[in-house]
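First, one chain by itself: the form predicted alone, in structure tokens.
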């Protein structure tokens, strides 16, 4: 199983949009996919049509209130499973005592209960707290959405420093993939950001940017992925390409 944390400390970069639509794209490509909502806001559930946040979720498994995924995992689409956040997830993020040990809660859960999946995507909160630590230590790869502006580059630099601090607690280095998100091809600044990413992170930038699109902002309101809402749109084609890039590990 490939476990990938969709992560960035900066908000508004499209983490949940990417998790939901990439997850469905991978499922449509024949892979068995599980999505885990690690953001206490629970927006991933709403993006997949579950507008009332489930009371139970990954928080119950991490806290030991659930012994397995029975009653927690939701069959969302064919080959696509969702594990919602659960009401107790914000409490995990606020814990201070025993934080070092609790940073491995998610990894132990994933290793024990999700061995039969092809892909696991973790939708991470926009923070550097305990939930992010669980994602970084529980995943093998990181998919980092970066917007085509100065703040996007600055956020990436800060995230890379954060990830570097976690390396000594990992058995293997975390493999980063950089994904241009909410990209505007006509903007000169966006193209400059793209060139800087290619210069500084060769072999780590995924080939197909996800462009800014109104349809992607509309999808969560109806609880559908782009493949259900506008299957013939440019955005749908971009997410299909992103899925293949990850499967085959294509980079620039």
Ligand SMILES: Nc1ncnc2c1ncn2[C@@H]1O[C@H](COP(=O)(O)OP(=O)(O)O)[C@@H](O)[C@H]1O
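Numbering follows the first chain given and starts at 1. Keep in mind it's a predicted model, so treat the numbers as computed, not measured.
Keep in mind the form predicted together with the ligand is missing from the figure; the text below concerns it.
- Interface residue among 59, 36, 48, 216 relative to the ligand in the model of the complex, by the heavy atom within 4.5 Å criterion: 216.
- Residue 210 is the only one of 210, 197, 27, 206 with a heavy atom lying within 4.5 Å of the ligand in the model of the complex.
- Mapping the unseen interface onto this chain, residue 242 falls outside it, with no heavy atom inside 4.5 Å of the ligand in the model of the complex.
- Residue 230 falls outside the set of residues with a heavy atom inside 4.5 Å of the ligand in the model of the complex.
- Shown alone here, residue 13 lies within 4.5 Å of the ligand in the model of the complex, counting heavy atoms only.
- The ligand in the model of the complex comes within 4.5 Å of no heavy atom belonging to residue 79.
- Residues within 4.5 angstroms of the ligand in the model of the complex, judged by any non-hydrogen atom, belong to 217-225 and to none of the other stretches in 61-69, 27-35, 217-225, 197-205.
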